[in-house]
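Take a look at this single chain, the form predicted on its own, given in structure tokens.
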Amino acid sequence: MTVTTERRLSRLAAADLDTMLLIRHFELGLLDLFEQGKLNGTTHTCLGQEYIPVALGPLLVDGDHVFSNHRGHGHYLSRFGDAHGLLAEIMGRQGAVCNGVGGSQHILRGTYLSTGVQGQSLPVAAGVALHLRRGGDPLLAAAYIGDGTWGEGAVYEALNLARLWSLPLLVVVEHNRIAQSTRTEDQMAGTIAGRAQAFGIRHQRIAGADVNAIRELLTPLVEEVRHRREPAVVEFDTYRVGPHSKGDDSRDRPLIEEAARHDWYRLYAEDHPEQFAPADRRQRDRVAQIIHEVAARPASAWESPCA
């Protein structure tokens, strides 16, 4: 089943809009820092996809486990709102979430884990979901993956066990039409819906970026995963506005323009300019101040507990 939200986006609560704009300007800030030569390694921004974790955020409770991926800054910020700690981690500064050893992709905080290894998180999430099921509390494991991850055998092993053992596993697919530089139609036979159906797992596809409509739709589904221990796959038909990583955008111009036309940031600014403009300025200024503060900190230090 596919549900398409309206092209006109409904007015957001201030907290939701602030979080989406915080993520947007945080990601833009990272790209700017790379251009200035102030960051090392790489980073993968979620520009265009910020609304997904924000829509899901209130549906997840503190005891739920969240498994993120290489494009996970928005997942982290929607969960914790900790832009200082995340930026310090990426920059290797004091106050870093993981003392600067995880960087952009590998974050561990409580029941939150991100990894850059594609497909790796799903069997781990299934194992955690089994633990949660045995514990008896109505908790779930939510794993964010992309359309490119469906080429990994670990995904199907996890789905098989999730259905076989009735695990409280929520698979969130951010289907942005391209896996690094390969279009989905060039690397995937069939559909994600068909693959979920093969395991008898419920599938819900969502097109559109209306956070309120998405949240209303997903509330009963998430409750089924939580209370009935029924795994589910939620596929977001979304668009990556920015490059794959910090500067390697190999898409053709028409594809980049198509993504820009569907960008929630532009659409919401058009639909609700009186709310958007001041909120956008606040978050832009907030991120600029965070970058200034974190960049001035000393380098982070880490000592092995086995030393």
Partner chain sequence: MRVAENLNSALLDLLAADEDVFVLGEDITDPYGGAFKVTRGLSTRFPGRVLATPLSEGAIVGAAGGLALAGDKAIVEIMFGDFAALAFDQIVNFASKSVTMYGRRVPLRLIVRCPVGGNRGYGPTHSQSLQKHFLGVPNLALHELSPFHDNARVLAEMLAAGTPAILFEDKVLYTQRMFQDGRIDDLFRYDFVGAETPVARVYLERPDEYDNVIIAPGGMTHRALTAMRAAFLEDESSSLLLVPSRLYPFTLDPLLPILAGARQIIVVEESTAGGTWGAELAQEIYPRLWGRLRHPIRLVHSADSVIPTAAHLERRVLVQDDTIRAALREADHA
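Quick caveat, the model's predicted, so the values are computed rather than measured. Numbering follows the first chain given and starts at 1.
One more form of this protein, predicted in complex with the partner chain, exists but is not displayed; see below.
Which listed residue (Y268, F26, F67, Y51) meets the criterion of a heavy atom within 4.5 Å of the partner chain in the predicted bound form? Contact residue from the list: F67.
Give me the residue from L139, V97, I192, A213 that has a heavy atom within 4.5 Å of the partner chain in the predicted bound form. Filtering the options by heavy-atom distance leaves V97.
Assess the spot marked by L17, M20 and L33: is the partner chain within 4.5 Å of a heavy atom from every one of these residues in the predicted bound form? Spot residues vs the partner chain: no contact at all.
I'd like to know if V117 sits close to the partner chain in the predicted bound form, meaning any non-hydrogen atom pair within 4.5 angstroms. Taking the distances in the predicted bound form, the answer for V117 is yes, it comes within 4.5 Å of the partner chain.
So in the predicted bound form, does E157 come within 4.5 Å of the partner chain, heavy atom to heavy atom? The answer is yes: E157 has a heavy atom within 4.5 Å of the partner chain.
Spell out, yes or no, whether the shortest heavy atom distance between L217 and the partner chain in the predicted bound form is within 4.5 Å. Taking the distances in the predicted bound form, the answer for L217 is no, it never comes within 4.5 Å of the partner chain.
Non-hydrogen atom contact H106 with the partner chain in the predicted bound form at 4.5 angstroms: H106 belongs to the contact set for the partner chain.
Mind telling me which stretch in 201-209, 143-151, 75-83, 161-169 gets its heavy atoms within 4.5 Å of the partner chain in the predicted bound form? Contact-bearing stretch, as computed: 161-169.
Residues from 120-147 in contact with the partner chain (non-hydrogen atom within 4.5 Å) in the predicted bound form: In sequence order, Q120, P123, V124, G127, V128, L130, H131, R134 come within 4.5 Å of the partner.
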